[in-house]
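Okay, here we've got a single chain as structure tokens, the form predicted on its own, with questions on binding and movement later.
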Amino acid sequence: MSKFLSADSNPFSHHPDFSQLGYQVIQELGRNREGGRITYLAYALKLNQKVVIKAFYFASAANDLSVKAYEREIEILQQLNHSRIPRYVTSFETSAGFYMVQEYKNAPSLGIKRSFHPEEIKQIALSILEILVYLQKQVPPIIHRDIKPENILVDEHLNAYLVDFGLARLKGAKMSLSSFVVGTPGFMPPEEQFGHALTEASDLYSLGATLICLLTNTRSVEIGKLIDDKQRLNFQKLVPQLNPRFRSWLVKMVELKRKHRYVNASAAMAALKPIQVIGAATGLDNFVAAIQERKRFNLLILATLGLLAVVSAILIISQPGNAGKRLLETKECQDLELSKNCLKETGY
């Protein structure tokens, strides 16, 4: 495959002509100049229907990783068969670059300024979670890695569609160091930023961040305004009308530590379904919120006690004459109910 642009080619200046290949470009849908990608809406003459053509323009041989990403996206899409993931149709190559053809869904992305009622946002959340459940049931599970408003389409019936699998990975697949931090800042889970293994909980963080943007009417590029000094998404004061139980669900979705999030999309969806989004908390909501708050408090207390125990042990051991060490050894013997010989050896 050729990885070079033609000398006189400038794909960003006008729509390409694919008429000889059976496609007539209607309009541009979006572009990523830095990544060398443009998405077009086109009409497939043989299929007699609209399609999406995703163009990849690689300007130099240094873009081998981009070529691999293009090939990997095709490979993953060929495995998928879900009504709300645009179906892969075909791909082709010209002297200017590579092109992938996908099914067209008549739905605008959430990247466009739109306002939704919180109950509608819950419906969108459930719709995306259904797709994630499907992806996570694949063998091995598929992790999207780039869930954000721009990659979610929502139609007039609030059906959500997930697009752009260019960063998707199979769970457990090895990644080069250069491919670790490739997601979108603000939507990327902390484990991705630090190069740790990704799990089914990783996409939940990105979805949670997306939902928080919708609830607070925050544009993707401004999500940094919601992140506090502790790197947490701090949104609660912006949406005081939310049911505390729904706020708790969102907070769990965007926990910095993945082990504190829902384990997978199925668990997150089951937890969300019975939750009322707006209104005062019911007795059950207050009970659940109290339990969750108690759990957080208990974890904090345990962590504090553990730290104090370590500090105390260090101070005891550091006592003159090594008496502290003998005291610890004595206690250890007593705890283990050892014989008197053990006590004699310690001097107590």
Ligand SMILES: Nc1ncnc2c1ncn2[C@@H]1O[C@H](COP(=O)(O)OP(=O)(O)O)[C@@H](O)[C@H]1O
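Source: prediction; values computed, not measured. Sequential numbering from 1, following the sequence displayed.
One more form of this protein exists, namely the form predicted in complex with the ligand; it is left out here, but the text below deals with it.
Residues of just one listed stretch (102-110, 222-230, 267-275, 246-254) have heavy atoms within 4.5 Å of the ligand in the predicted bound form: 102-110. The three marked residues, R37, V52 and E150, each reach the ligand in the predicted bound form, with a heavy atom inside 4.5 Å. The ligand is not shown here, but in the predicted bound form it comes within 4.5 Å of a heavy atom of P86. Of the heavy atoms in D164, some are within 4.5 Å of the ligand in the predicted bound form. When the ligand is considered in the predicted bound form, A44 lies well away from it, no heavy atom lying within 4.5 Å.
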